[in-house]
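Have a look below at one chain only, the form predicted on its own, in structure tokens format.
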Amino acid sequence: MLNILLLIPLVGIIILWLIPQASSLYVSRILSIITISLALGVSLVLLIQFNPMDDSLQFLENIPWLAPLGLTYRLGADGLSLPLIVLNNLLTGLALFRSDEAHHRPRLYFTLILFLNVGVTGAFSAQNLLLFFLFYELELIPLYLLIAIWGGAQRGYAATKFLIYTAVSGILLLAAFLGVAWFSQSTTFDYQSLQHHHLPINVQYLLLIALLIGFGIKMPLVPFHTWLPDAHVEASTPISVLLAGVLLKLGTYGLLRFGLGLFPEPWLALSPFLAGWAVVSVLYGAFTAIAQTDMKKMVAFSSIGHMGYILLAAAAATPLSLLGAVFQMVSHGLISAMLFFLVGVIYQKTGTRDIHSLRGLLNPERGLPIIGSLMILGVMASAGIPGMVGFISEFLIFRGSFPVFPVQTLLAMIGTGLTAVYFLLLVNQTFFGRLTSNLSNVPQARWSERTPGIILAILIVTFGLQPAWLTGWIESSTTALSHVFPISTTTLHS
């Protein structure tokens, strides 16, 4: 089934280039939406067939490939990866739905998005370290081109910066993966085989640090974050949605799967440092977001802080904190995607993202009342208001991390309050008050522009009120991941 999930977008790409009419925006967009709708349907079938009580890998595909290199085509899914696979297909579908302005080379544009989907799904399902690396690098090319060709005025600079940072990330990951196999004298790069490696502890520290920096760039964490605001500001709205909603999760997923999963002893020893690093990212992201006047930059910097919560949960590595970490990945994917969609509509209708140039957009007659209402719901969810998905993820993380790192958890909780501050500044400035004269003729948002926000709002509230519908798929896998620590070292937690 996972093979089918990867083949569907590839078949869609072939069809795009075989049909002459697909050179038009309308046809290529419709074909791409149909393709991803099929992929989303298959991923939902996988979710239904998934046994949430089984913490082992399911839907395994194992095909020999390059045996002398230790590279096998080995795919599988568990509670750590399957929710992210579904999220990837959902947000890709919504991004394609809103890609109605790609008039320049539309066939190439939609081809690159479908390739991006393949790369991300493959990375989440790969159970061979080299295979994961190949998929991890595959998403680099289409995302670079999507920013460089269809981005804003500084798109070349932003795309090149993204390319350099991500290339460094890939080099570090490849070096760490090769090191695991080399020093353990393994003939395979299969993840499950390498979990039982016997490496000198100093080598484990070195390899883990390489993974921490590599995935820290992707998340991104301070000080490796500077590529993210530039990429978001210059990328088009659909690409910003995929970047924040899905691509950042490759870093957090990799950190849990390969950092914690392969090197539990050094991870446990370094966990106080990781918790401190998480606090720095949370507070830096929040304070920097407060200083922004560009709505898109504000949402981008908020992502840095929310990725810090995941690092804090991973550092604590308790069953509850790891459950919260994966829940936060899904939660942030839904919330950030919604906010970027709405900021895109506001920019399209008003011609600006400067919060000091906007006011009164909640005006029911001449403003954007539905977009404004959705934006208020989105910022409330991001700030962790009860009844929404953001509250559940943050509560799980803080509750699971506090027994291990009480001071760091309390400091990270300040970030939640600061999130409310900068988003309240945004909402109060742009949506309330009297509509300014230069915005007296704001075009009304079409239902097609509102639909992605409405769908995501429904999911945000649904999982906020009924979190068991999501935690049920995750819990067994994260609980098993928290038990990778050797009994002799768990006393370091106390």
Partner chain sequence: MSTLSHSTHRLSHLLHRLESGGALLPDSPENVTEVVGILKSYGVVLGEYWQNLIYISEHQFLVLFPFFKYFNGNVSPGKLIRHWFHDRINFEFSEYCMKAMFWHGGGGLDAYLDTIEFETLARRAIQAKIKHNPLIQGINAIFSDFLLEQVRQMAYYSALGQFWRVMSPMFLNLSDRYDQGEIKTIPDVVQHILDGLVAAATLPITYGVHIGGQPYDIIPSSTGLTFLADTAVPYVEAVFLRSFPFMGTTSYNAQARQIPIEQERFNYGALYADPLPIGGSGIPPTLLMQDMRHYLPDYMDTIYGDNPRGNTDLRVRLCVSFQKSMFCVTTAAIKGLMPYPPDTCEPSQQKANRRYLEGWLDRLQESRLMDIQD
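Positions refer to the first chain, counted from 1. For clarity, every value in this text was computed on a predicted model and none was experimentally measured.
We do not show the form predicted together with the partner chain, though everything after this point is about it.
Partner absent here, but in the predicted complex, which of 61-69, 36-44, 428-436, 459-467 has residues with a heavy atom within 4.5 Å of the partner chain? Partner-contacting stretch among the options: 428-436.
Consider the chain as shown here, without its partner, and state which of Asn441, Gln49, Ser56, Ser448 has a heavy atom within 4.5 Å of the partner chain in the predicted complex. The residue from Asn441, Gln49, Ser56, Ser448 that makes the contact is Asn441.
Identify which of Arg399, His197, Arg105, Arg366 has a heavy atom within 4.5 Å of the partner chain in the predicted complex; exactly one of them does. When the partner chain is considered in the predicted complex, the option within 4.5 Å is Arg366.
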